[in-house]
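Next comes just one chain, in structure tokens: the form predicted on its own.
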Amino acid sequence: MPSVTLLGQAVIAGVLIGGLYGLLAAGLSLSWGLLKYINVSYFALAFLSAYLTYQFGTFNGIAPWWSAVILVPAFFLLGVLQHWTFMRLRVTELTSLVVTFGLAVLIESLIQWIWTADFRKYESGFSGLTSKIGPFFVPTLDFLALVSATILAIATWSWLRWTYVGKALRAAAMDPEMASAFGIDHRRLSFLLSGICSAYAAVAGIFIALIATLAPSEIGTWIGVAFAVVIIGGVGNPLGALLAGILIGFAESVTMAVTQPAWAPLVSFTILIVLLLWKPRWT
């Protein structure tokens, strides 16, 4: 058995990486739950954002926060354009999975063509910053990712629950025809939400660039975990995605500390299967 200190450090690491999982899954959760699009291209967009952050920082000397100022609005517009295309092509919920998977493959190929398949690491100068709390170490960038994910999840949940626009979005997701009868322009609102989902991917990508080692092949690895996060947390629920991400991150990290790291990739789907068997209507 590992020591108490090692277990405690594993718990901290798991909770922190769980915040990034929740941040990465938020766009898919909102898109699936409120727009009825299973848009897996958000994961590839997140890595595109990560590579652009790496490019800006490594070769152009642009700090990560300035990259965010550039990338978040740009990805918002990209999400709006993507949604306009889906509407023009009359993409349905089922076909969106196939279409966006193909789009994700294209983005992955573009990343590999521009930056090659080599592993890359963005050395921002903040990578080694940590805070010591007793015997434990808290990486600063991981903590900032968790804080950002928490703030965005709470803000988005509050926006959907308490504002007129949020209530209109939820009403349109439940019954578009009835919402239209009450004067809700759900088509216009869907453009706004699609842009927000894509902006979420941009934020997640910036933190991925700061925290993780980049490789185009890693997109597939993150997709599996994020899908489990969305299903466990519930579609259309940003707070649920955050909590589910923390749960999976915690379980993966403790698994690596107690057994072998090779078992960690199985954890997310094991939790998903157990929850679905225990409570089939969990989602």
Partner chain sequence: MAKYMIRPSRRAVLSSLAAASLVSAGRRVYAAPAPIRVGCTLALTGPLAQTALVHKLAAEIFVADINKHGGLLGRSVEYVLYDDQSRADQTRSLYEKLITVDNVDLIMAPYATAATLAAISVAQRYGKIIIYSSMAQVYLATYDRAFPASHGGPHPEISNPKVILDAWASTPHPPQSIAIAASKFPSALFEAKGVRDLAQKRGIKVAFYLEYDFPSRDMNPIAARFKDANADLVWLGCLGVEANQLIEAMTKIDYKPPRSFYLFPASGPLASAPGGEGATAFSNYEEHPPMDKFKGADVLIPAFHERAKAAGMPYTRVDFQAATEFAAWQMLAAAAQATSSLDDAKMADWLKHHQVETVVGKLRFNEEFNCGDDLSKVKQVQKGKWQVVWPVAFRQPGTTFIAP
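Residue numbers count along the first chain shown, from 1. Every value quoted in this text rests on a predicted model; they were computed, and no experiment measured them. Just so we're on the same page, rigid core means the largest C-alpha set that superposes within 1.5 Å between forms.
Not pictured, yet referred to below: the form predicted in complex with the partner chain.
The closest non-hydrogen atom of Val274 lies beyond 4.5 Å of the partner chain in the predicted bound form. Residue contact with the partner chain in the predicted bound form: Val69 places no heavy atom within 4.5 Å of it. Residue contact check for Asn60: none of its heavy atoms lie within 4.5 Å of the partner chain in the predicted bound form. Proximity of Lys121 to the partner chain in the predicted bound form: non-hydrogen atoms within 4.5 Å are present.
Remark: of stretches 150-158, 75-83, 122-130, 176-184, the one touching the partner chain in the predicted bound form is 122-130 (heavy atom within 4.5 Å). Site annotation in the predicted bound form: the residue of Val225, Leu247, Ile38, Leu34 reaching within 4.5 Å of the partner chain with a heavy atom is Val225.
Contacts with the partner chain in the predicted bound form, taken as any heavy atom within 4.5 Å, map to no residue of 163-182. Once the cores line up, the CA of Ala13 ends up less than 2 angstroms apart between this form and the one not shown.
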